[in-house]
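We begin with a single chain expressed as structure tokens, specifically the form predicted alone.
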Amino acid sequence: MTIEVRFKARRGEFDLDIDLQLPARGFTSLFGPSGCGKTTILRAIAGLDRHPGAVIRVGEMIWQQDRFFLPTHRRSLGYVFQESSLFDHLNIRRNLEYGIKRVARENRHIALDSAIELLEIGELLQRMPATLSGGERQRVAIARALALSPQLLLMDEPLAAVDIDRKQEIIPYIESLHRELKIPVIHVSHLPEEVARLADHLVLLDSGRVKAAGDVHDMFTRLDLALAQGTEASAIIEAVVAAHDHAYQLTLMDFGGGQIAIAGTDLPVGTPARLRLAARDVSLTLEHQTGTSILNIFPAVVDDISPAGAAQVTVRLMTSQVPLIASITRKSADDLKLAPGKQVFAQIKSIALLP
């Protein structure tokens, strides 16, 4: 099942031409610079803007096609804006209850109490919006969207209006949507670190066009895309806590390429986690090194090589089916005679656990 979004629009000199097939499950991020069309896509899906000739389908449900246009209030969706947009004259409970009455009882598959528990806002119910922090307001806004029992959740840069501390407060609750709910989420962001932590599927937008779309792990390591270039280039790895080495304060995590050691955590064994491996922290050798301080060394195969300026190259590697990238000097690549298909060892000097 997919979500189909196809339309054209013009805003002054800005021309938008969108043709997307998105997975109707998991977390999709629309990513790109300000003004590239991310919010316009969300508003088209929601029916807030009507574009002649557009096609909007969610699974088997047609929301717009030919002359048919389903109005926003009849689309089974929740929308979380950059600003929480709460009703200042209503307390939090009444804010949450507003709109539920338009959802038929047989369609209420997410109970209000479940949304309150998921976002941990039970203690806020009798308070007024003006008394809440920015992070609390956004948690309420997410709960309010979920209380409508939507078949699709849209999130337009929900962290843009809060400071760094509040972002760290809210992100775990957004992540919990993955674990607790089965509805698809389409999320807008211009921050690579936010996308790296949240997304399953990634759409790159530039100047009103879809530049690329696909699995987030592949997208971060595609050498033809900007995400794999520059000092912040990195790979994203899905791992599971396998054990804890208490003597050395290390946590051992299994992933598709083997077992990786990171600084000790208190995560229980069996907990899934996402890791970020910066390209600048990966070096390559032709033989497995001993007598080294580097703990994490994995056999890999060179998949692709791309220039990165006059002196550097970026190398895409495959450790089993898991892609990594390494940023090394062009001289090192020549000395090692690197080419697609060559067997090497990837030495990983530093690993970040995405909090």
Partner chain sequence: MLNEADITALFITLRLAFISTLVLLVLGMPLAWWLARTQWKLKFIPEAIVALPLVLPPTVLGFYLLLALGPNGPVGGLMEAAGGRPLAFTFTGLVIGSIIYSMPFVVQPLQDAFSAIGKRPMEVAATLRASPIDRFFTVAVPLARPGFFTAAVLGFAHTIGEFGVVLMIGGNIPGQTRVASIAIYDHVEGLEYAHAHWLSATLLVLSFLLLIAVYGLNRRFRLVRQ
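Residue numbers count along the first chain shown, from 1. Since the model is a prediction, treat every value here as computed from it, not as a measurement.
The discussion below concerns the form predicted in complex with the partner chain, not included here.
Distance criterion of 4.5 Å from any heavy atom to the partner chain in the predicted bound form singles out Pro150 from the list Pro192, Pro150, Gly257, Gly135.
Comment: the partner chain is not present in this chain, but in the predicted bound form one of Val301, Leu48, Leu70, Met61 has a heavy atom within 4.5 Å of it, namely Leu48. The closest heavy atom approach of Ala226 to the partner chain in the predicted bound form falls outside 4.5 Å.
Put simply, Phe81 is close to the partner chain in the predicted bound form: some heavy atom of it is within 4.5 Å. Heavy atoms of Leu177 never reach within 4.5 Å of the partner chain in the predicted bound form, leaving it off the interface.
In the predicted bound form, the partner chain stays beyond 4.5 Å of every heavy atom belonging to Thr265. The candidate stretches are 233-241, 114-122, 82-90, 194-202, and the one lying within 4.5 Å of the partner chain in the predicted bound form by heavy atoms is 82-90.
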